[in-house]
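Read the single chain below, which is given as structure tokens and is the form predicted alone.
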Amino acid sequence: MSSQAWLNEPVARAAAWSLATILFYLLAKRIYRFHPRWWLMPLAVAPALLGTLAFVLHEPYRDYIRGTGWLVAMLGPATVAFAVPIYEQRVLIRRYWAFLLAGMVMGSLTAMASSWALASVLGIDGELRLSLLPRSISTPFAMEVSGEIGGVPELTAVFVVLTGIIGAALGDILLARLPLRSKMARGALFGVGAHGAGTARANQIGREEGAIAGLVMVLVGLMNVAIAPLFMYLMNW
């Protein structure tokens, strides 16, 4: 079998794209280690490299995501790993649970309202609008919510990555300009506004900030999954 025919095999194509994704991500991490700038975050560099490769090879996004779906599925167990720092900060969480709950509710409502407003301004409707709504929660939860409300989960994953990159960058700007002295406030800002990318950035700032960001990220995701059926009911009412 020729190399061209081998690459046309579904299993071979899936393996090739999976390997490319992993290698590009490792390369992006190495670049970020030596040059820690927000525009060089692995979540920005790796997709840019993959997108360029897909464009050169004329590879449809649907074929790419079909071959790398198992990597997306791994995000679920990875999210559960945030339970460790959350457990370590359980005393702080019990003390400020009311503030955290209020922040998560208001953050979720603000994210959905801003997504709806953005879609209206850009004239986006239908599945595309519904895919944009859960952009501010971590990928495994966002894809679940997107499927529940009638969006396209794979497209939602793209919006989530873009939101994480922009949110992490804006988070640094907000920290420099807002008088947020509390570690809980700083962590919650990143967890609500930039989910996984924000939590990674919060961990760089401090362990407590990272724990709060991880807690908020997971709980916001669970909350959105729980209320997704109610959202659909209200939409169809």
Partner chain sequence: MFIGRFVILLRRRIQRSLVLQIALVGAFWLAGEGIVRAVGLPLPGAIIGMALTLAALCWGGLDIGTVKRGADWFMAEMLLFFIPAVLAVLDHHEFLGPLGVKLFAVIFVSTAAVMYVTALTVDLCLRWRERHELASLVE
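Because the structure is a prediction, the values reported are computed rather than measured. Numbering follows the first chain given and starts at 1. In this text, rigid core is short for the largest set of C-alphas that superpose within 1.5 Å between two forms.
One more form of this protein, predicted together with the partner chain, exists but is not displayed; see below.
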| item | value |
| --- | --- |
| 4.5 Å heavy atom contact, G167 to the partner chain in the model of the complex | yes |
| Any non-hydrogen atom of G107 within 4.5 angstroms of the partner chain in the model of the complex | yes |
| 4.5 Å heavy atom contact, A14 to the partner chain in the model of the complex | no |
| The partner chain contact in the model of the complex: G150, any heavy atom under 4.5 Å | no |
| Listed residue that, although the partner chain is not shown, lies within 4.5 Å of it in the model of the complex (heavy atoms), from L174, I205, L40, L57 | L174 |
| Within 4.5 Å of the partner chain in the model of the complex: residues from 155 to 189 (heavy atom criterion) | L155, V158, F159, V161, L162, T163, I165, I166, G167, L170, G171, L174, L178, P179, L180, R181, S182, M184, A185, A188, L189 |
| Core-aligned C-alpha movement of I205 between this form and the one not shown reaching 2 Å | no |
| C-alpha of L23 moved at least 2 Å between this form and the one not shown on rigid core | yes |
| Core-aligned CA displacement of L162 at least 2 Å between this form and the one not shown | no |
| Outcome for the Cα pair L49, L155 in the model of the complex, compared with this form (closer or farther; change of 3 Å or more) | farther |
| Cα-Cα shift for S115 and P47, closer or farther in the model of the complex, minimum 3 Å | farther |
